[in-house]
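Only one chain is included here, represented as structure tokens and corresponding to the form predicted on its own.
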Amino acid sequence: MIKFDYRNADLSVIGAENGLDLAQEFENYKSQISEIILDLNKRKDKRGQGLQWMNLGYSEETAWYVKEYASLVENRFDNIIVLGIGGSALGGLAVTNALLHPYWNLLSKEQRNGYPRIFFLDNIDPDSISSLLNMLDLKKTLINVITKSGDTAETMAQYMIVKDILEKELGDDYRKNIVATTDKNSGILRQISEQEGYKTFVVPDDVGGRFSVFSAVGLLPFALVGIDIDELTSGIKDMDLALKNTDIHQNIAGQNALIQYLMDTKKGKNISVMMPYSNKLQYVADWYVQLMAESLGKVNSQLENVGPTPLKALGATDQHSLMQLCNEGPNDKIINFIRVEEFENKLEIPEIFQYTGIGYLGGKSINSLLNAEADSTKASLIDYKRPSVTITLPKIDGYHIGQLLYMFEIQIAIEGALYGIDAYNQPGVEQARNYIYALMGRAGYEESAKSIHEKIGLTSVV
């Protein structure tokens, strides 16, 4: 199992001004944390609670359908393009970046064991979209369009462009190159998919986009590139079992949730920096940023604006940029390190230049250097009385990635309960989405468009 070390957030290490008396706080909050964990597990099967994501690791039916489809299209496509934004893409990016070869798309088909390259179009930058579509043979490309609502403007605009190109190149056969992941019963993409005859997969009810990585949203792309989804779900199940423990001393998600919450509300550390020491985990930091920001940045029942600000970093790269601010800037951050015990490769540093100031590196490994970088950063943070916690993965594989992401989801759910907010809605996002409809001329939003023009001084729609 992954391990969690919170010692460097304790007052015994960084002092009473910046650290927490964790033994006392665990005692103070043990009943509340226990009640929150019990409540989450009690409500996860009830409709309308936003908690169906807690059951995704046990959805054998979804896994079976995903694997069946992956076997049916095996060797048919050279490329997969995932059209999605936010939670429809970030989970997929996090897992594929962690589990595939770091340069997967540059490998030959033989080196990829026949599996396709995979690309995520998670933004609507015209240069990026045009460049990718011009580079790939779309006849040999499978398009996975993902949007639960079916009317996400960014994703549906991409889909319309790709669909038009495919239809011109393939005629009626273009439908075989599109698979949709959307709502089971309603929405524009569901309607289009049934009219056009696309193969479809379902985004389950009560599963928000940022919690959807272990639904067909993520499992389908994973299976298509050969990732073992059974290994992922095995990690989820084992972590779920561990996190049902209502004793905060035995529940790492409960521990980190309380630490993050108290650092914000009691110590003014309202910035949570996620800093993995592995390039394979850099998109886990991106995914964490959305999970925390969209779940916890809310107005609570007392009409207070609450929620920490997540910030992503990468070790050791950002030791040469962000750490100066973390050490000597405002003491308003808690650093979340992710370390890896056993990397897939071991890279030795040759014993050369022994007569120079870099000779000490010879005979060591890049692996030990990277983890030494993490330890040195933690030590410097202690010197400056800055709190940190460390999550350690035995290695990067499907089992431990499943554990890690599910642990973060439970952590955020517990934090939401501590803040007294609904962690599963996103009204601030919906407001901006409605403004997009207005500015792009969607029927029924004319008055909103006029209001926006007045607010920001626009003279035309586009």
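The numbering used is simple: start at 1 and walk along the sequence shown. Here the structure is a predicted model, which is why all the values come from computation and not from measurement.
Only in words, not in the display: the form predicted in complex with a small molecule, which the text now covers.
Enquirer: Among 281-289, 262-270, 141-149, 376-384, which stretch has residues with heavy atoms no more than 4.5 Å from the small molecule in the predicted complex?
Expert: Result of the contact check: 141-149.
Enquirer: Ok, Gly235, Pro310, Gly307, Gly86: which has a heavy atom sitting within 4.5 Å of the small molecule in the predicted complex?
Expert: So the residue touching the small molecule in the predicted complex, by this definition, is Gly86.
Enquirer: Pro116, Pro221, Gly209, Pro276: which sits within 4.5 Å of the small molecule in the predicted complex by any heavy atom?
Expert: It is Gly209 that has a heavy atom within 4.5 Å of the partner.
Enquirer: Does any part of Lys67 reach within 4.5 Å of the small molecule in the predicted complex? Heavy atoms only, please.
Expert: It does not: once the small molecule is placed as it appears in the predicted complex, Lys67 has no heavy atom within 4.5 Å of it.
Enquirer: Indicate whether the small molecule has at least one heavy atom within 4.5 Å of a heavy atom of Arg433 in the predicted complex.
Expert: Yes.
Enquirer: Quick one: is Ser59 in contact with the small molecule in the predicted complex, heavy atoms, 4.5 Å cut-off?
Expert: No, no contact at 4.5 Å.
Enquirer: Given that the small molecule is not shown alongside this chain, does Gln52 nevertheless sit within 4.5 Å of it in the predicted complex, heavy atom to heavy atom?
Expert: No, Gln52 is distant from the partner.
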